[in-house]
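Just the one chain here, laid out as structure tokens, in the form predicted on its own.
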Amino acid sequence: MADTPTLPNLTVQQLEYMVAVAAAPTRAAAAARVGVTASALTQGLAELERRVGVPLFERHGRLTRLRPQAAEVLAHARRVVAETRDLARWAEARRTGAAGTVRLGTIDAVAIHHRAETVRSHRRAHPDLDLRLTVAPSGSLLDALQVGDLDLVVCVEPSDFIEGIDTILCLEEPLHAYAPDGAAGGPPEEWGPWVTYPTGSHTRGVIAAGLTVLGAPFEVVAESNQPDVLREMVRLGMGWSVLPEAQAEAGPEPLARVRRRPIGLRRLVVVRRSGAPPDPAVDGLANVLVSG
């Protein structure tokens, strides 16, 4: 069995010098191409030749020409330099957040209305970013974040402290009361019954607190996590509802507010796990979501 040949200890820099010499008319031009002095280039080429153990270059004044037998080494050098540049671009993209994977979870109002264009613009600016979007209620999103199924969440701010998460305010969204067509406004104590978010919903907590302050009864006759469904229930005359303006008043048949002032404000926050390792791709998306 033949002995395995010893690998020559070549550097990417030496191979880059060889590629530059093959493409440039003079040593000075080749040196400028790789950002070194002509002397450094000459020394690097001599060391490359020594480590390969085969004569590779012919020198004539300011010129350095490759010998015919250098063709195989040049082909190898070009492959290594090209693939190393690809690796450098890949590493830079991940260091700067231009690439990578981000698992984002948002409530529907954020994904469809408040930050839809922000997310689209971010994706256009970072075409190599693998963005995976989940749209769900706030509670489900926070559960997924805490077990590591999501990297970043935009949801309604929890009413109670949750250990292990950090929140940053994204925006404050007014919630308005809407009644079926023909229903009299009247004083708050005559409002309702209500179609609203399910028990345990963060938004429902904000709504209940706001109606309590106004003295309005909160008799619930139907529930849904989907604001669009609640809006249609109001149109069908099933009950009153308190909804975000962006969802209640969008489209060709917007609902009409019962009063000018909102029932309450829900705070939408960007949420991450406390102590999560730094990730430029996640950091970059979080920053644009906060800034809008």
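Not measured: the values here are computed from a predicted model. Note that residue numbering follows the sequence shown and begins at 1.
Same protein, other form: the form predicted together with the DNA, not shown, and the subject of what follows.
Residues placing heavy atoms within 4.5 Å of the DNA in the model of the complex fall in a single listed stretch, namely 56-64, out of 262-270, 230-238, 56-64, 249-257. When contacts are judged by a 4.5 Å heavy atom cut-off, S39 counts as touching the DNA in the model of the complex. Taking the partner from the other structure, the DNA in the model of the complex has a heavy atom within 4.5 Å of a heavy atom of T26. E47 belongs to the set of residues with a heavy atom inside 4.5 Å of the DNA in the model of the complex. Though the partner is left out of this view, Q69 does not reach within 4.5 Å of the DNA in the model of the complex, counting heavy atoms only. Shown here without its partner, the chain carries W194, S201 and R204, none of which come within 4.5 Å of the DNA in the model of the complex through any heavy atom.
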